[in-house]
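Okay, so here's just one chain, in structure tokens, the form predicted alone.
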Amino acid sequence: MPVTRKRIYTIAKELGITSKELIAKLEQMGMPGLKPANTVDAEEYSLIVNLYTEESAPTSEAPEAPPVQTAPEPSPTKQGAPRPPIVSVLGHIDHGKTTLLDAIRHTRVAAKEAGGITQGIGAYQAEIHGQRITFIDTPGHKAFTGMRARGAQATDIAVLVVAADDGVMAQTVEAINHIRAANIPMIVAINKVDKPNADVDKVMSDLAKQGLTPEEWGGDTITVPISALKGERIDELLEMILLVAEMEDIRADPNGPLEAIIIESHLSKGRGPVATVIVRDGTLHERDCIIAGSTYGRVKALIDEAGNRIHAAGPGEAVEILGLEEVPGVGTKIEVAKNLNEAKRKAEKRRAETTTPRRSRARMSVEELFLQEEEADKLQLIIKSASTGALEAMRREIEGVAADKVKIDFIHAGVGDITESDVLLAASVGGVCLIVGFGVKADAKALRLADQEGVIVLTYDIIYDLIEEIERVIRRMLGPEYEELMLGEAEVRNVFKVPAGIVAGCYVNSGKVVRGGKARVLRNEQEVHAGEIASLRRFDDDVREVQAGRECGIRLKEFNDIQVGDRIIVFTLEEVNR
């Protein structure tokens, strides 16, 4: 069968090299700008293979000496061997996430389940070409972001499912924003291409409008058309996941420090607290003493996805652990302790810290919040409104009040009430992120979660009130603006040395001199110092101020080079509205 089109990464595999190596070689040969997912036609394919073969072939002029190779230095941030990538599947509710996960499970998961019964631990591994991929089987982006809101980054790659007969929907946009906030690579699976009304081009157009230009259109977004229901092109999707994992250079050291994250937890009637854990780095062993947030325990058993008991779980593996004292929260990181006493001590210390009364950020005013965030130069917003038109107007008005020195970053914009998912997204992005609703409400669960996570939720029914609040926020972020208000001028006529420093004997020519006031020293009309008046005396008395036409002694803070003939300009700074 003649070659039609082939992807670069497929050609690299045929040549026995990595995609990176092939792309680098093709750039040297005068073929720049290629990406692993790019396709080439039959003529280009032959040219690449011939060029690479010729470049790689040894010359016959002289016997080739074996090349002296030095082992590459390991990256300081990526130690160890490649590990299975950990993947989450997100998308709109009816676009086929579950069907896709089922298709992968049935076609690519080894049939090792006890009695053929799926245990369902919330994660499983698929295998293709001898390489494994770990899928987190948790529904929706709420669980995905819930882990991140607690400081845990369980996922390496996200697969966004978009139905070819529907296109990008509201929840699709929400999922895109959650993935962007996580700052991880994304692959788009365009599902349901087998349907009569499927329109792949429309989906690609919708993606481009969201800033996700497909590679076929010259962008960077990898798209794979699939039919999860019929199991079509599932292998190609898995290959693309492995390609992205290769490009991201996902590695782990089985002998390194443990990095493991809880993705599910519950209380089992017969087994006690049970937690599903994804191991990202290191190895978790049976009998390890562990801490999970404010609870602890000794690992009594590790259960794999097939329901089998194992002795250790390495990088990329998902296991259930038994032996914790209490049910830990999703997103909690697992730590290993030397012994059970140390684990108990650390867990109890954390419990005490979390139960200490503290004022939630959610109960603060916006002004108080920005007093805590001194270096905030970016205002992150999640905006919700009752309709698309109102949402666009709200966004336009907010952009209209943006100041040059403050960047407004819309993390997510959506239609409908404020939900728990919005709160989790705000909690996960880092820095200051406000949720602002126009003509909508926040449900009770969202408000409770906002209080727990310290997220400020603002809702308005009048657009002018909303804009005034945003203006106040921007003013607070920029900090106060001051102008100088001149108080008086004094001339230095004598200089005295005292234990505290140098005192200038002065005559007040105009206005007044005040203790603690700002002072500028002029010498021959050139400024030689700007600072503050440390002390002010009249004869033997400390005084608060001295009026024009009188003499006084002035000592300046951190300045002793005062000279006769200098002029001291006294002023204060007055805050003005921006």
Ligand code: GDP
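Note that the structure is a prediction, hence the values are computed from the model and not measured. All residue numbers are counted from 1 along the displayed sequence.
Not on display, but discussed next: the form predicted together with the named molecule.
Visitor: With the named molecule left out here, work out from 381-389, 220-228, 289-297, 457-465 which stretch has heavy atoms within 4.5 Å of it in the model of the complex.
Guide: Going through the listed ranges, the match is 220-228.
Visitor: Determine whether any heavy atom of Lys202 comes within 4.5 Å of a heavy atom of the named molecule in the model of the complex, and answer yes or no.
Guide: Because no heavy atom of Lys202 falls inside 4.5 Å of the named molecule in the model of the complex, the answer is no.
Visitor: Does His412 reach the named molecule in the model of the complex, with heavy atoms at most 4.5 Å apart?
Guide: Result no; His412 lies far from the named molecule in the model of the complex.
Visitor: Is it the case that His178, even though its partner is missing from this view, gets within 4.5 Å of the named molecule in the model of the complex, heavy atoms only?
Guide: Contact with the named molecule, no.
Visitor: Spell out, yes or no, whether the shortest heavy atom distance between Ser88 and the named molecule in the model of the complex is within 4.5 Å.
Guide: Although the named molecule is absent here, Ser88 would stay clear of it in the model of the complex, with no heavy atoms inside 4.5 Å.
Visitor: Since exactly one of Thr213, Thr107, Gln452, Thr99 fits, which has a heavy atom within 4.5 Å of the named molecule in the model of the complex?
Guide: Selected residue: Thr99.
Visitor: Name the residue from Ala352, Leu485, Ala81, Ile93 that puts a heavy atom within 4.5 Å of the named molecule in the model of the complex.
Guide: The residue from Ala352, Leu485, Ala81, Ile93 that makes the contact is Ile93.
Visitor: What residues, if any, in 183-219 have a non-hydrogen atom within 4.5 angstroms of the named molecule in the model of the complex?
Guide: Asn191, Lys192, Asp194, Lys195, in sequence order.
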